[in-house]
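Listed next as structure tokens is one chain, alone, in the form predicted on its own.
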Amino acid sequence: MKSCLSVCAVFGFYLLSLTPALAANANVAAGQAKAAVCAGCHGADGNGGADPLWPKLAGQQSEYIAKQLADFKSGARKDPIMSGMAAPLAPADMKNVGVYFASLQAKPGAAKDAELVKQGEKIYRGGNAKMAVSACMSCHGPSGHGIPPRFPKVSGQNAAYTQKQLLAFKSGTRNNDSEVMTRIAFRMSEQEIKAVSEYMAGLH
């Protein structure tokens, strides 16, 4: 776990130094115009729609959003709805949409199950040495704000959405974000996935 913490920290500082350059040519107004069709699922303010399986995008890292849109368009990440939404977007559009959602204020999330939160906190902050599961915060940070562009913000996200994605990593049906999440999720039980998803929903 210590080695993972060190590698992620060094890599994170490097990526943070690139962030301003990556977003420099993006246009928030153009992104807002392109993102108008996103409101139905992700909310008018980016804080999520009616279905908790749809993610909140407000305050998410712009580079991460742009990458996911590119992966949906290329087929590296599978989702019939998002693949269709991303299909007409050019790389500049994706960058603009990313900076638009990143500019929005994220509303705090809330956990609903206190017992799950206790279990999830142990995994998020300490991992599971027996199963070689490193602490989630080693890459996503103590407050869940992530390290752009590779490690996304996870704090305040809908628990149902996070759980769905971790299960997809576990099963191998999602593998567009390197092998790190695939390996970690594979070693986690479904109960651990549910618990850490609940904990991150209330993390700020």
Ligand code: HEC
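The numbering used is simple: start at 1 and walk along the sequence shown. Being a predicted model, the structure only gives us computed values, none of them experimental.
A second form of this protein, the form predicted together with the ligand, is not displayed here; the remarks below concern that form.
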Exercise: Val28 in contact with the ligand in the predicted complex, heavy atom 4.5 Å: no
Contact flag, Val97 vs the ligand in the predicted complex, heavy atom cut 4.5 Å: yes
The ligand contact in the predicted complex: Leu203, any heavy atom under 4.5 Å: no
Heavy atom of Gln119 within 4.5 Å of the ligand in the predicted complex: no
Check all three, Gln68, Val154 and Leu166, heavy atom within 4.5 Å of the ligand in the predicted complex: yes
Sole residue of Pro148, Gly144, Gly59, Pro55 within 4.5 Å of the ligand in the predicted complex, by heavy atom: Pro55
Interface residues of 111 to 144 toward the ligand, as seen in the predicted complex [heavy atoms, 4.5 Å]: Ile123, Val133, Ser134, Ala135, Cys136, Ser138, Cys139, His140
